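Have a look below at one chain only, the form predicted alone, in structure tokens format.
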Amino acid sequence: MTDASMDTPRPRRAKTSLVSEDARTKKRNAAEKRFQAYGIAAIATGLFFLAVLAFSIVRSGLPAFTTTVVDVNFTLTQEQFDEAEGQLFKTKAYSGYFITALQKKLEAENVQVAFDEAAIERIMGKIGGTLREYYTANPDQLGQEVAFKLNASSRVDGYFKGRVQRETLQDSRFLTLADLDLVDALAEAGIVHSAFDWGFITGADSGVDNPGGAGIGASVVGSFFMMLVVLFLSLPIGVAASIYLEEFAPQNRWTDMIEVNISNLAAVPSIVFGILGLAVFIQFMHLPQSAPLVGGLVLTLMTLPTIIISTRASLKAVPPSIRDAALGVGASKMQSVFHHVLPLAMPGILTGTIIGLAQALGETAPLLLIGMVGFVARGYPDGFISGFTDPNSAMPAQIYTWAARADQAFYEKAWGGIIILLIFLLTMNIIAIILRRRFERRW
């Protein structure tokens, strides 16, 4: 029976060739090509939506960097100054002088249009108070021609940018159709035109009735001081905790519980850290409310898990042979870690730190809970120490405040603030890439 089974002929295998493909190879190659096509399609889809997002942000935010200004050369004599200061309604007298000078300029340009003090106030604000404030502070300019560059009202600015249309405009105390005729006449005479708005970059937040004067500069300074607190607290604490857990801590239940809690803290919503900061730092420790110091402490708690996890991953990536070689030549455990392992892990540590800082820079919810809202940033701090303790805002909170206001001009400012915030985030990520390339070592 055994001999009979051995005599049974075996089925012959199909002959294969290195030149021609069989059916199974063709099927496998086709599946591989389909998978590559799926990957390319996924990348193209992501790039498409990224391009759409970038285009929407730039298109909506660029108008925030320009403003409509009124350029007027005005001369006030000493007699007119004394006469205006002797009247009961001083700013009204200054407005009258300005209107007279503007009418003469338009007549010289052969522009015939009628306007009054109310129209001037609707177009460029209370010009009388501006003139009185300037000449009171600069009496040496009396009798000389002074070039005033005044910001137009937000609705006139919206008319130049297309937000306000003649067809849909209804006469109100803010703007009328007759005012638009005056604006067109001033534009033809070269008095009203668009210019780059430096005040948006260097200024502070304004009231709800003055979107044209709103700026993000003070909030940028608040974010800077806040990031200093986060950097100088989270980096040494996070790196020290990572070195201990990875290199020195024994493997027991205590360290296992710490590792689990660190992983859980990395997934906690940011608003929880805001509630913690409000309860501990403000209500219990009585630290100054709305200060970048408190904001930095809250964001430090939120950033620490990210830095610890990335630092431990960088330490693990260093080959064990580095440690063994250092210990083999007589180095202590601490010397092997700080002289050999830590320098090799530095690129990953720096990358994780900067990514954590970039994440903290864009957080809004914790800052709102501790009072770092946009309207508290009324100016720049007086000094370095006051930059940490004085009430201030941050860029994300300022953007949120503008987006929550009803005026369309503030919504435009919010888009402009997003552009500045993205520039900061891109800069931080570029620095992370450069540092990683600078310190990276291959083996």
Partner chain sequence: MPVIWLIVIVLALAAAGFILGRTRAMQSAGGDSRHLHSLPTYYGSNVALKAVVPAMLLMVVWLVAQPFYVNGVVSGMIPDSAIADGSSRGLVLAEVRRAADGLDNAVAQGAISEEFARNARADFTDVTTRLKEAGQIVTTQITQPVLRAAQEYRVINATGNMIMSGVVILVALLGVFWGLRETNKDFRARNVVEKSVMALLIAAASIAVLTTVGIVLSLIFNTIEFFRLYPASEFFGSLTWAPSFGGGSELGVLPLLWGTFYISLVALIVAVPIGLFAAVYLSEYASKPVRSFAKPMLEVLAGIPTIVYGLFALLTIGPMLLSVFGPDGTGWMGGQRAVITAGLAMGIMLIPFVSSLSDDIINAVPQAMRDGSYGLGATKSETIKQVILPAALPGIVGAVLLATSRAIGETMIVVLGAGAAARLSLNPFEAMTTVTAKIVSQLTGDSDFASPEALVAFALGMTLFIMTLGLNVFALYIVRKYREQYD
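As the structure is a computational prediction, the values presented were derived from the model and not from experiment. Residue numbers count along the first chain shown, from 1.
We do not show the form predicted in complex with its partner chain, though everything after this point is about it.
Undergrad: At 4.5 Å between heavy atoms, is Leu422 in contact with its partner chain in the model of the complex?
TA: Output for Leu422 is yes: heavy atoms within 4.5 Å of its partner chain.
Undergrad: So in the model of the complex, does any heavy atom of Ala279 sit within 4.5 Å of its partner chain?
TA: Result yes; Ala279 sits at the interface with its partner chain in the model of the complex.
Undergrad: When the contact criterion is heavy atoms within 4.5 Å, does Asn151 count as touching its partner chain in the model of the complex?
TA: The answer is no: Asn151 has no heavy atom within 4.5 Å of its partner chain.
Undergrad: Even though the partner isn't displayed, in the model of the complex is Arg166 close enough to its partner chain, meaning a heavy atom within 4.5 Å?
TA: Result no; Arg166 lies far from its partner chain in the model of the complex.
Undergrad: Out of 222-230, 175-183, 360-368, 87-95, where are the residues with a heavy atom within 4.5 Å of its partner chain in the model of the complex?
TA: Stretch with heavy atoms near the partner: 360-368.
Undergrad: Considering non-hydrogen atoms and a 4.5 Å limit, which listed residue (Ala114, Ala137, Ala317, Met285) is close to its partner chain in the model of the complex?
TA: Exactly one residue meets the criterion: Met285.
Undergrad: Taking its partner chain in the model of the complex, which residues of 38-63 have any heavy atom within 4.5 Å of it?
TA: Tyr38, Gly39, Ile40, Ala42, Ile43, Thr45, Gly46, Leu47, Phe49, Leu50, Val52, Leu53, Ser56, Ile57, in sequence order.
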